[in-house]
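Coming up is one lone chain in structure tokens, specifically the form predicted alone.
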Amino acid sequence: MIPQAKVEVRVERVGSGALDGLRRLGDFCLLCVRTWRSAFRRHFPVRECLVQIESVGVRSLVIVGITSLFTGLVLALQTVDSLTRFGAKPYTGSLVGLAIVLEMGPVLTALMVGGRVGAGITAEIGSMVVTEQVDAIRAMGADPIQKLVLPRMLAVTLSLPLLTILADIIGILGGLLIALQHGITRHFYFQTIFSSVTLDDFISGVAKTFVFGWLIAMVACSNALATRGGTVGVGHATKRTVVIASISVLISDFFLTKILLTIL
């Protein structure tokens, strides 16, 4: 039998972990409300928003382009091989287009941007927290939420849909390269895509990325502002951001898909 002392220690750890999780959730919700309110105050940080959009969007083009290109190549390669068994190889474009526009483009783009941008936001703001720069901003009478969190939240939320559209295009073009190698003409490839992928499908895929971007930015900023313990704490906060942001994207994707399938 397990000694009573060990049982009490385990129960205490579980309770402490649950309370810590609830506290973090409460801090996250409070940060969301404060960020929303800061958007309607004076001295809106327009310049900082543009700087962050350049940092998030433009500097993510390469990683998003490479990811979407090889996603389209692999997806088309697997699709051609599978459909050939059933004599439906010419309709590779339909499956590739639907898979990329509905899921692969939005989700993989969010995961790649979340890993790159989310970690960067947490490391940047977390370093400012442990070096007391955030306290200095408060001491000067400025709002660190409006100055630090709001621009990054808007930048990720607005940039991710544009990156997703680019990823969809590159992924479909990558699938075209494989289709051409297997005797599918360019005209028929695009014809099957346009006949299968509707405007609702495209809107559904892009609409989800607004939520993905908001989640990535808020998770990153929340973990950054809760950073403690110097440079070691910054490392732990960065790792926690990548894990939580990725899981949040995958979980929210399921619920958003169900909602959008009902609406559209």
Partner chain sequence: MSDLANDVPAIEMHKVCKAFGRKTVLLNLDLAIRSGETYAILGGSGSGKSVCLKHMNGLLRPDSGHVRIDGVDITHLSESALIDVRKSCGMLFQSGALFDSLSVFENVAYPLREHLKLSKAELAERVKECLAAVGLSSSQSLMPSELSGGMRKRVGLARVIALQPKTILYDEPTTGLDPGNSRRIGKLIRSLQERLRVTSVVVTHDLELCFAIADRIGLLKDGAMVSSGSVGEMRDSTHPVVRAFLRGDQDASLDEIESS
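Keep in mind that this is a model prediction, so the values were computed, not measured. Residue numbers count along the first chain shown, from 1.
This next part talks about the form predicted in complex with its partner chain, which is not shown.
Give a yes/no on whether His187 approaches its partner chain to within 4.5 Å in the predicted complex, heavy atoms considered.
-> The answer is no: His187 has no heavy atom within 4.5 Å of its partner chain.
Met128 within 4.5 Å of its partner chain in the predicted complex, heavy atoms | Yes - in the predicted complex, heavy atoms of Met128 and its partner chain come within 4.5 Å of each other.
Applying a 4.5 Å heavy atom distance criterion, does Arg85 contact its partner chain in the predicted complex?
-> Output for Arg85 is no: heavy atoms all beyond 4.5 Å of its partner chain.
How about Lys89: is it within 4.5 Å of its partner chain in the predicted complex, going by heavy atoms?
-> The answer is no: Lys89 has no heavy atom within 4.5 Å of its partner chain.
Out of Val74, Ala136, Ile169, Leu177, which one falls within 4.5 Å of its partner chain in the predicted complex, going by heavy atoms?
-> Contact check passes for Ala136.
Which of 110-118, 137-145, 153-161, 90-98 lines the interface with its partner chain in the predicted complex (heavy atom within 4.5 Å) | Result for this chain: 137-145.
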